[in-house]
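Quick setup: one chain, the form predicted alone, written in C-alpha cells, and binding and motion questions come after.
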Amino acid sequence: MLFDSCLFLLLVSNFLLLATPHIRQMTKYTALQGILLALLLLLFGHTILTVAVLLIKGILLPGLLWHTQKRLPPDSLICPRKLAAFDVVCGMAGLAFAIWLDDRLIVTQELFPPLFLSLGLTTLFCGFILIIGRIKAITHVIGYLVAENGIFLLGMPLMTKGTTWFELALLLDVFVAVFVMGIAINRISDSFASIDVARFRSLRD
C-alpha cells in the first residue's frame, strides 16, 4: 500500500509541476519528488542510498533553488499560464505513450513492478517538457532535476550492491551541475533585468 501510494504521489507531482506557473511551487514539488524517491529506496532496502537521496534531492538541491529565487525579482518567478496548460496536455500524451510502451515490452515485466516503468518514463518526459516548453532559465534547472528523477526511477529496480556507487556518483554529478547552473542564474540576474531565455531571440550582431 505504501509503495503504491508513493508511485501515485510521484505521478501527481509530475502533473502539478507541469500545471503550475509559479516557480516557487515547482521547487516544492521537486523537493517532494526527492523525498518520495528516498522513501521508495527505503522500501527497496537501500538504506545508505536512501539517506544520500533524501539529503541531496529532498533538501540540498531544492534549497539551492530556493536560495537562488530569493535573489530574483518576483515577476520573473511566474511562467505564462498558457504554457502550463499546453505542458499538461503534453504530459498526458507522454503518460499514454509510457503505458503503451510498458505493455509492449514483455522483458521488463520481470524487472519492474507494475506501472513502475511507465512512471519512470513519464517523469523523464515531464522533465524534458519543462526544459523545452518553459522560457525561464530556472525552470530549465527544475526540468533537468525532474528528468534525472525519471532516470533514477528507471534504474532503481536494477540496483545491486555493485551499482550503488554508480548511483551515488550520478547524484554527485547532478548536485555539481545544478550548483553550477544556480551560480550562472545568479550571475544572469545580476547583469540582466530578466532571466527569460526567449529574449535571446531578439539579440542581433
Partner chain sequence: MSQPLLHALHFVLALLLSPLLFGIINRVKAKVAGRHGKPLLQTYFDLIKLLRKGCVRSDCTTPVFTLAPCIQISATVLALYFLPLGGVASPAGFAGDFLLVSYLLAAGRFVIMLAALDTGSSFEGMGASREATFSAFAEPVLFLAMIVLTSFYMDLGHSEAYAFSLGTLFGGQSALAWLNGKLELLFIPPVFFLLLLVENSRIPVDDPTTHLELTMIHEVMILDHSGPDLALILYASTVKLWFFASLIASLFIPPMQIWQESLLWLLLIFLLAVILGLLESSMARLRLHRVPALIGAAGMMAALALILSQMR
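What you see is a predicted model; the values in this text were computed from it and never measured. Numbering follows the first chain given and starts at 1.
Quick note: we don't show the form predicted together with the partner chain, though the next part is all about it.
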Give a yes or no for R81: in the model of the complex, does one of its heavy atoms lie within 4.5 Å of a heavy atom belonging to the partner chain? yes
Hey, in the model of the complex, does L121 get a heavy atom within 4.5 angstroms of the partner chain? no
Is L115 close to the partner chain in the model of the complex, meaning a heavy atom pair under 4.5 Å apart or at it? yes
Contact between L77 and the partner chain in the model of the complex at 4.5 Å, heavy atoms? no
In the model of the complex, does each of Q25, A52 and L55 have a heavy atom within 4.5 Å of the partner chain? no
Partner contacts for 1-33, taking the partner chain in the model of the complex and a 4.5 Å heavy atom cut-off: M1, D4, S5, F8, L11, V12, F15
